[in-house]
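Starting off, we have a lone chain in the form predicted on its own, written out as structure tokens.
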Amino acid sequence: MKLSKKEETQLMLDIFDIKEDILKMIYRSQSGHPGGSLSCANLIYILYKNVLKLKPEEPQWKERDYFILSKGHAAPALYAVLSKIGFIDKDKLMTLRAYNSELQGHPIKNEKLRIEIITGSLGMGLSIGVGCALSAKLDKKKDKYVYVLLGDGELNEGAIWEAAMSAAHYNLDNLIAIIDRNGFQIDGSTEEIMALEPLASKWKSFGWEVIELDGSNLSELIKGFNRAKKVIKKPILIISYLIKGADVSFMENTRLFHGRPPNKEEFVAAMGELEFLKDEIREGRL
């Protein structure tokens, strides 16, 4: 699917609104993970806007697709997306990490908010996804897909590879895993901490169909998801190449904002950069 210029422009503006909300939430709470939330915001938005099969008026519709945010520390991105599409009231976003808030630092299962499962203990999301996908197969729900978003640093966890073996063993072609391949984790670059490459070859050797794409290209992202749904008898992995801290210059390609909120000066500068980029999009220069 190729987006029209008008469609792409609106999606990009929506995504920048989401990124502003992410920073507002984290700045207000003075706690959270801006880098990894900014990197995957567009990916989560495209999933909810263009890919996932849902019924907004029926949160527990049995035929719905599942989305599992295995990299649960990127919860601000998920909450901001859910607000943008109308599942969360916008004013509730500012309760991030507050006492008794539904929006904690990692997602908590919440039927109202369409959050399927509590996540954030890294390495667990793919195993949960395997269970959900296998259950759908056994229940003969042929059109039910399970999407799991993983961080690339998360791939250091051994449980990921056990789940990868299980998914291939059971031919789970209704399981689509996505890696936010931004190249950084809390301690530094992924290749310095625990080298992942050749990443695509590793997953192929485990019996997965692998799709590599530029996660910042919205048309390519949608095309990749459509291609994934045509694969049969194999689980699917999308390696989405993204930028840590995307679209805020001083947060990009660094571990420094993995888990540190911006101070006042940094917040003002970041919001200014995002507003500038939105103006560039409106004027057709970006």
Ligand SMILES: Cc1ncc(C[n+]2csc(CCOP(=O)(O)OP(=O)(O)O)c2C)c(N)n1
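These numbers come from a predicted model, not from an experiment. Heads up: residue numbers just count along the shown sequence, starting at 1.
Form predicted in complex with the ligand: not shown, discussed below.
Each of 120, 154 and 180 is positioned with at least one heavy atom within 4.5 Å of the ligand in the predicted complex. Here the chain stands by itself, but in the predicted complex one stretch of 210-218, 133-141, 87-95, 146-154, 146-154, has heavy atoms within 4.5 Å of the ligand. Though the partner is left out of this view, residue 234 does not reach within 4.5 Å of the ligand in the predicted complex, counting heavy atoms only.
Residue contact check for residue 159: none of its heavy atoms lie within 4.5 Å of the ligand in the predicted complex.
The ligand in the predicted complex comes within 4.5 Å of no heavy atom belonging to residue 223.
The closest non-hydrogen atom of residue 195 lies beyond 4.5 Å of the ligand in the predicted complex.
For the residues 64, 28, 258, 49, the 4.5 Å heavy atom test against the ligand in the predicted complex is passed only by 258.
Contacts with the ligand in the predicted complex, taken as any heavy atom within 4.5 Å, map within 228-250 to 244 alone.
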